Ligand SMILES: Cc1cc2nc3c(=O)[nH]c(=O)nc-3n(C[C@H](O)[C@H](O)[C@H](O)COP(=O)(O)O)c2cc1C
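In the block that follows, a single chain appears as structure tokens, in the form predicted alone.
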Amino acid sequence: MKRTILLAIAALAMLSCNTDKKQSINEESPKMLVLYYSQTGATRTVANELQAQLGADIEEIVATQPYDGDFQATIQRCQQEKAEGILPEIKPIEADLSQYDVIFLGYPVWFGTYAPPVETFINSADLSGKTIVTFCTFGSGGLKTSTANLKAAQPDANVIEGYGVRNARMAAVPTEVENFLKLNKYIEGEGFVPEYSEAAELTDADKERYEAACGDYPMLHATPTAVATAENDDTCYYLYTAEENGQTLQVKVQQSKAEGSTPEFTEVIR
């Protein structure tokens, strides 16, 4: 009888220990919010994918007066607002930001940086001590520059350059978001990052690949001068050095190893 009582006490102690351990793990897990602005729905697609894979909370930044015109009308409105030194009003954020450790902040890139409604949010929010992971959609690029602008605007936050994707490549979002989250240890698994070779002189095949990937994009007028390469089991990656109006930039291109695939222009880094 005495032995039975002792075993019961030991079992209860182990259960209590395991419960405490589980609570400790949950307490240590960062609470995450996906917060984003989207005009056309592209950034919303990325935000929803992040939320689904992370199991995070999610909220949309909404402009009081929506940018609901076409591409040209949006440009004209932004130019006018910049000339007048005004930012658009946004609806109040419902989430209690103080409760989150990590905020994935998403936006379309306009004029090389985050769209004005996100600037309004950044200028009014206190993100001190929080980890802010950027994600964005764009025509050619802007992840690097917009992240740098966010770091300058919120110097007391831990701002991390996250994930960016061209609007023309939305089909790649689920796979690329998963790889990004694995690479940065937000979900379990091993992510992949290309390890490029030294840049080398262009061959005719390199020039043809660049033209096939980038030739029909009207906003890019860069001439490639060198290329570095990387690959994994599925894809070949190309990092072109290029010149545009006296400026040196980098252009990323990739091509699946699947038969019949064509090269894809993925990003400009300025």
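None of these values were measured; they are calculated from a predicted model. Start at 1 with the first residue shown and count on from there.
Keep in mind that the form predicted in complex with this ligand is missing from the display, and what follows is about it.
The stretch among 238-246, 50-58, 206-214, 66-74 whose residues place heavy atoms within 4.5 Å of this ligand in the predicted bound form is 66-74.
Shown alone here, Ala42 lies within 4.5 Å of this ligand in the predicted bound form, counting heavy atoms only. Mapping the unseen interface onto this chain, Gly112 counts among the residues with a heavy atom inside 4.5 Å of this ligand in the predicted bound form. Though the partner is left out of this view, Tyr163 does not reach within 4.5 Å of this ligand in the predicted bound form, counting heavy atoms only. Contact annotation for Phe180: none of its heavy atoms lies within 4.5 Å of this ligand in the predicted bound form.
Only one of Asn167, Thr120, Gln154, Thr145 comes within 4.5 Å of this ligand in the predicted bound form through a heavy atom, and that residue is Asn167.
Annotation for 138-171: interface residues with this ligand in the predicted bound form are Phe138, Gly139, Ser140, Gly141, Asn167 [heavy atom within 4.5 Å].
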